[in-house]
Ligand code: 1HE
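Take a look at this single chain, the form predicted alone, given in structure tokens.
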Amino acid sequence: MPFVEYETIGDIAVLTLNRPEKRNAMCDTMLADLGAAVDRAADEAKAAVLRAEGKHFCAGLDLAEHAEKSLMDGVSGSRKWHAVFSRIQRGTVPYFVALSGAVIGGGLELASVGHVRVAAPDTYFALPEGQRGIFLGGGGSVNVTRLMGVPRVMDMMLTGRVLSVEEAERFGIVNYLAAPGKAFDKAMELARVAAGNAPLSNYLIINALQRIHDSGYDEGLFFESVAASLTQETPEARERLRAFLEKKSAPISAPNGREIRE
């Protein structure tokens, strides 16, 4: 896979966008490589970290390649983005995204389907589709708007507004601010915590929460009850709950190093 490197570190799959000379702009080959890496991570890992080689996470769609496509090619290409991104967002393992430099257009669409985003101080965010005469095609009109709301996305697309990492945190795009050069380390720290969770709990967290949020009130509560009962009936949950009741379980370790004792 020339444009996406893949490795495992313990139970963590590390996927690295590797097209730094193009600021990791997404071409068709890179998207196919990402899809193959995502499928491999689903089989091999308990959590995943997505990062990029070079100074920039992803400058979005490779416009040089896109400009040569027909109308139907454009529709097909957009749906391919949706298919790969859905396997990240609604897959079997949680994704922690390490961000730095440019997170622009399709790069922000990609970041938005991760479950937790960690950003270095030099990270900046933009949706310049309005200035390019195009529209979001990688799911951003659904996923980025869920993070920060339609009015803010509309502002960025209409005016070309560029968000600093601090603004992105306030707007809900970024979950954690990392020290310079430490976004990947922080993402790995968080991924290791999540990898220690029960697999079914992680699966329901990344697959049920958004669906519950998008459903009606009564339907959401019903779905929650079913999900809660499912997790409680697994052998792993029974073992963990028994250890807690017998005070044999280890304290909960928070990412900041603090231990939580109940």
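Because the structure is a prediction, the values reported are computed rather than measured. Numbers for residues come from their place in the sequence shown, where the first is 1.
There is another form of this protein, the form predicted in complex with the named molecule, and it is not shown here; the text below is about that form.
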query: Which of 191 to 199, 54 to 62, 230 to 238, 209 to 217 lines the interface with the named molecule in the model of the complex (heavy atom within 4.5 Å); finding: 54 to 62
query: Every residue of 33, 94 and 115 near the named molecule in the model of the complex, heavy atom within 4.5 Å; finding: no
query: Interface residue in the model of the complex among 177, 134, 147, 153, criterion: non-hydrogen atom within 4.5 angstroms of the named molecule; finding: 134
query: Residue contact check: residue 171 to the named molecule in the model of the complex, 4.5 Å heavy atom; finding: no
query: The named molecule contact at residue 121 in the model of the complex, heavy atom, 4.5 Å; finding: no
query: Interface membership of residue 17, the named molecule in the model of the complex, 4.5 Å heavy atom rule; finding: no
query: In the model of the complex, residue 84 touching the named molecule (heavy atom, 4.5 Å); finding: no
query: Residues of 15 to 39 having any heavy atom within 4.5 Å of the named molecule in the model of the complex, listed in sequence order; finding: 21, 22, 23, 25
